[in-house]
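Form predicted on its own, single chain, as structure tokens, below.
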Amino acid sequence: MTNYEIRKDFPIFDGDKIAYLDSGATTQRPKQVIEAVDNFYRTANANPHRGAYELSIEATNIYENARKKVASFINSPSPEQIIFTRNSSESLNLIAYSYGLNNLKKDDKIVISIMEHHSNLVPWQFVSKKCGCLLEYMYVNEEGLLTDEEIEKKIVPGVKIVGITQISNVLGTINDVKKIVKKAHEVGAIVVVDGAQSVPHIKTDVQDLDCDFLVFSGHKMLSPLGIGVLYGKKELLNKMDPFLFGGDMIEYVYEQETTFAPLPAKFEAGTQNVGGAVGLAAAIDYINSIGMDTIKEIEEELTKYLFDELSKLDFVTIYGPKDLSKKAGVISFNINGVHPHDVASVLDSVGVCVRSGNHCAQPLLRSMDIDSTVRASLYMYNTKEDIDKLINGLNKTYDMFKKWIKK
């Protein structure tokens, strides 16, 4: 299936009024996902795990089948290791609170990359201050890559937690997570992988990676907003305290004591976003119907075209790896002398949707001596025509501002 055929499944592209190049922030939804969520609320809406009546049992089965699909998609050893959350941020906070605060002590080390999204950075700042730990960073080279030397230098005895994004949401850098996991385990550390930008785009096998935790968000892979995933190794999850308390996550409650339900219920307090889980399951079905290999092939072709076309503009600076084998479909750039917000505004006037700002990665941009960029991020439904609209919009932007640009 081609990207042009795929595009027909997305109602928002009817009429081709916009070139949507912000899938790193959130993806659009195909009609198959929209219809699945609509059908659930029309025909099967009930509170799962609560009722003994048929409709509640059906809702329970739908919810738990969604969990099974997620487990299969990332090759989790069991569905019980899949915890539904609101998004990657909540998943990472759960790990920080329930694992980090209870397992780290004074002078232990936490190591993360400078590329981390704030969601995989700020929680570790919090943990380090609460526990008296040391928070250290792995820095990237001029190409936006983590070198083997940096990994070896930073992941050493005394490190207890390593946090790493599989794909940078700013530079598009594809990190060698498997290598980082292996090194971390050699020194006795556990690894938290942020898969928000990777799981929708490349095959992700948690058993092959051997990561201890993996998080991702459904809305970045075609599902509704408000549904996220935390995968964890069972032996770690079983030892962790609950993050939230309330309905459905308990076993017995007495006046002074409570015992908690087994996985995964222990971490899913209260009524869950069943409609979101339904949408995520439908999104996985849709992605599987296209095939991850096909998605990868489409995105690699588009990424090369985007990179090559941007490289032809002598007024544009591109950030991140030049070796496209180490780069996903996320390209950050700037028009020299023009603020990214102005660029994005002009692009919006010609129907091109891009992100501008610091992309929730201020320490990374600060280390690059810039404060913001324009970001174009691709997915399977994009076309070369979308990229052509972007390039035409950038030429228009430059023509508007060039008389004020200092040489």
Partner chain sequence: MDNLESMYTDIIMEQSTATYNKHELDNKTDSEHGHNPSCGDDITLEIIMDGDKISDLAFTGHGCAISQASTSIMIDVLKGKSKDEALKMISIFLKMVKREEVSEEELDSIEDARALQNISNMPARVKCAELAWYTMEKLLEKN
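Positions refer to the first chain, counted from 1. Just so we're clear, the structure is a prediction, and the values are computed from it rather than from any experiment.
Beyond what is shown, the protein has a form predicted together with the partner chain; the following relates to that form.
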Partner-proximal stretch of 246-254, 72-80, 317-325, 284-292 relative to the partner chain in the model of the complex, 4.5 angstroms, heavy atom: 246-254
Non-hydrogen atom within 4.5 Å of the partner chain in the model of the complex for each of Y305, F307 and K384: no
Partner contact for H339 in the model of the complex: the partner chain, 4.5 angstroms, heavy atom: yes
In the model of the complex, W404 touching the partner chain (heavy atom, 4.5 Å): yes
The partner chain contact at S372 in the model of the complex, heavy atom, 4.5 Å: yes
In the model of the complex, N65 touching the partner chain (heavy atom, 4.5 Å): no
Residues within stretch 116-145 having a non-hydrogen atom within 4.5 Å of the partner chain in the model of the complex: none
